[in-house]
Structures are given as structure tokens and as C-alpha cells.
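One chain is shown next in C-alpha cells, namely the form predicted on its own.
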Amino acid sequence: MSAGTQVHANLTEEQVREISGDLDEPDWLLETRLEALEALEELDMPDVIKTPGREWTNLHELDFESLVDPLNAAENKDQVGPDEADVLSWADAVQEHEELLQEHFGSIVDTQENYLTALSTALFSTGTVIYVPEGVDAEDVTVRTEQNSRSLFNYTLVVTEESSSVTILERQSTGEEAEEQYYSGVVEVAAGENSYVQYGSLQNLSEEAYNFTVKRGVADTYATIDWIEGNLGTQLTKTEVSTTLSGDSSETQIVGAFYGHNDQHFDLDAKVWHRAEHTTADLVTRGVTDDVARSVYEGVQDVGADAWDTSSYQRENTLMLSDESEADASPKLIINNHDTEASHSATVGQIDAEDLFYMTSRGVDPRSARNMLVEGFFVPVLEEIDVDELRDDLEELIGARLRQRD
């Protein structure tokens, strides 16, 4: 482990055994947790985004010793879905779908990939398992998590069988606020042949909270995984959304929106791995930084040697509303197959002075003009969101944040 990382002197094997025992987990899962706990001593923090001359996020400064309170997790959670699909709490899934869990848990996100994934594996106490059988169309799966404790570790598994589909809307918010809180979320999506998964997430945690989230999916032949990622809360968010297109003709779209103000910090990854023929990806992210907020974005399109006839596109745009805010973007295109059509672009800038002048010259007051331009900036992203409820919520939160601005 690198110098400076806080080791958990107060985490014990007995605590992990108690969490696992309360959930009545099988031995193999307890062993996985204990191995992750033991590995903490050797693991480093996840990679953070670096741009020339700067490492944007210092996770080593976080006081995990103080932030993590493993035996006092508390939340309000809603897990709702149609009868045709199983939408289960982790405890129920352990009883009803152990074979499914044994097959998929940790198969997409390595439980010991880094310090934070291992910490989450050892300590997660809540979660949702969504299983969609072959041929079932499962709409309106809703997962709401309201954190009411100093720390909360959440795990989500989505498995879709052949020719099924599911639309999931997940929200994270804070109920009882503490001075500082820590939320950790790991999401694994295994999309079977010719299945469709749309996973929308809206993170609006307390601005005193720290957030580490990793969402990853693997798409089989003709499968599609679409992600919608909205980030507005926390004082520091480190998040990654990625898809591996492992089956021929599989597709993915990653749509992201964020709005940072005050001293918020966002470290955002969006990645796609083309590993089969005729695969398609579209990555679209738009965000705003205001006051002294900071954002850094890294997008990766990696086309493997066997990924013939690939189409891959990426666009990222950040709008800075103050001279003191900071933003940077680092799109990367890695191509190992010549039969590829791909592009990537990124921009960081401020509100166009001519646009603002045009509106104010027609009688719109400067504040309203600025807010309208910001709302218009988000339109290309909002138009990509098919889930009406998520789009409306995101629009409302953006509007509310703009109205807070002096």
C-alpha cells in the first residue's frame, strides 16, 4: 500500500463475520469477504485521473478510520419491480438465488481490484439483486437508497437472461446527515444474449459525503447495456461507469450529467471495451462547475484486435460558471483494429458572451439569461434519457441549483 493510505486498525474479522452472519450468507461468501479484508493491507487506492502536470484526486487524504463505521449501517430502501422479474434484497437473494450469486458475484468487478473495492466487499451490508428470466420485459424497476448512517456499503447485481429486458432507476440520497459520511456502491451487470439493460442512476447525497462508485457491465451477443449517470451530491465523488462489449453486435451508451458547486469535486470515468465484432458505443457527458468546484473526466474507447467493424463515439463538454471553478477532460481512443469508425472530442469553457449579449439585448435579465443558457446546455444529454422520471428529476435538480445561485 502506498504511503499515506489510512489502514483500518479498527476493522476486525469478527465484524465481517457478524455482517455476513446477520445476512445468513453461505461459507463461500464469508470467505470472499475475509479474503478481501485481509488483502486491504496490500492494496492501493484506485487509479485517479491525471492530466499533464496534475493528479486531480487524492484519496489518500480521506480519513477512512473515522468515516467507516461497519456495524452501524442504517438506511431506508425501496426495491420495487414487476412480478415477472425478481427484485430482491441481498438477504433474500442469498436464500433464493445462491447459485446465481456464486456465478456472478465479483465476476465483473474484481473484489480485490483495489483498496476501495476490497473494503466494499468485506463490509457491504445492503444490496439489490435483479434477475430477469428469459423472454421477460421488466419495466419500472426502482431502487431508492437513503443513507442514515456514517457509512453505507451497497452492492447491486443485475442478471438478464436471453431476449429479456429491464429498465432500472436507482437513486441515492441522504436522510440523517452527519458531519461527514461515506457511501460506497458496486454495480455488476451481466447482460445475456439479445437482452437489453437500461440502468439510470441519480446520486444526490449530502454535500458532506464522500462517494466511491463503480458500475460495470458485460454485454453478450446482440445485447445492449445503456447507462445514465447523474451526479449532483457529495463533496467528493469518484465514479466509474464502463461496459465490456464481449459479444458480437453488442451495444452500449453511457450518458452522463453532473453539476458541481461550492467546493464539490467530481472524478468521473466512462469507458468502453470493444472485444467482439460489429460492436457500437456512444459516450455522451455534459457537466457544469460553479463557485470553486472541480471536475475531471476521463473517457476511454478501447478497440481490441478482434473487434472488427467497430463504431465508437465520445463527446464530453464542461461549462464553467465562475472564474474560480476548475475542469479538465481527457478522452482517449485506443485502436487495435483498422476496421473501426471512431471519434472523440472534449471541450471546457464558459458561457458564450455573444449568446448572453443576444438574450439580454432582447429584454431577458442577465440572471435569467444565464440560467436559460445553462439549462439549454444540458438539453443534448437530457434528450438521450428515455426514462421520463429520471429526466424530469434531473431537470428539476439542475433548475433548483441554478436558482440557488446569486
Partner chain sequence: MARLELSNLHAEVAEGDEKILEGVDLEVESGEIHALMGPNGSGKSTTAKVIAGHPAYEVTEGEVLLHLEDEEFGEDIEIDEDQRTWDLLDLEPNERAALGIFLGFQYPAEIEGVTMTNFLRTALNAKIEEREELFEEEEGEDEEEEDEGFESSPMEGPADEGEVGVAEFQQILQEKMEQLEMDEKFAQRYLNAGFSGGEKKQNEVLQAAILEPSIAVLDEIDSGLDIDRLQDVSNGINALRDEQGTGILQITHYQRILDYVEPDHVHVMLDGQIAKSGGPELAEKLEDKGYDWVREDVYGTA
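Bear in mind the structure is a predicted one, so any value in this text is a computation, not a measurement. Numbering follows the first chain given and starts at 1.
Not pictured, yet referred to below: the form predicted together with the partner chain.
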Given that the partner chain is left out here, which of Glu396, Glu14, Asp24, Glu383 has a heavy atom within 4.5 Å of it in the predicted bound form? Glu383
Contacting member of Ala36, Leu373, Met45, Leu62, with respect to the partner chain in the predicted bound form [4.5 Å, heavy atom]: Leu373
Using 4.5 Å between non-hydrogen atoms, is Pro366 touching the partner chain in the predicted bound form? yes
Non-hydrogen atom contact Glu354 with the partner chain in the predicted bound form at 4.5 angstroms: yes
Can any non-hydrogen atom of His261 be found within 4.5 angstroms of the partner chain in the predicted bound form? no
Quick one: is Arg286 in contact with the partner chain in the predicted bound form, heavy atoms, 4.5 Å cut-off? yes
Within 4.5 Å of the partner chain in the predicted bound form, counting heavy atoms only, one of 53-61, 26-34, 355-363, 335-343 shows up; tell me which. 355-363
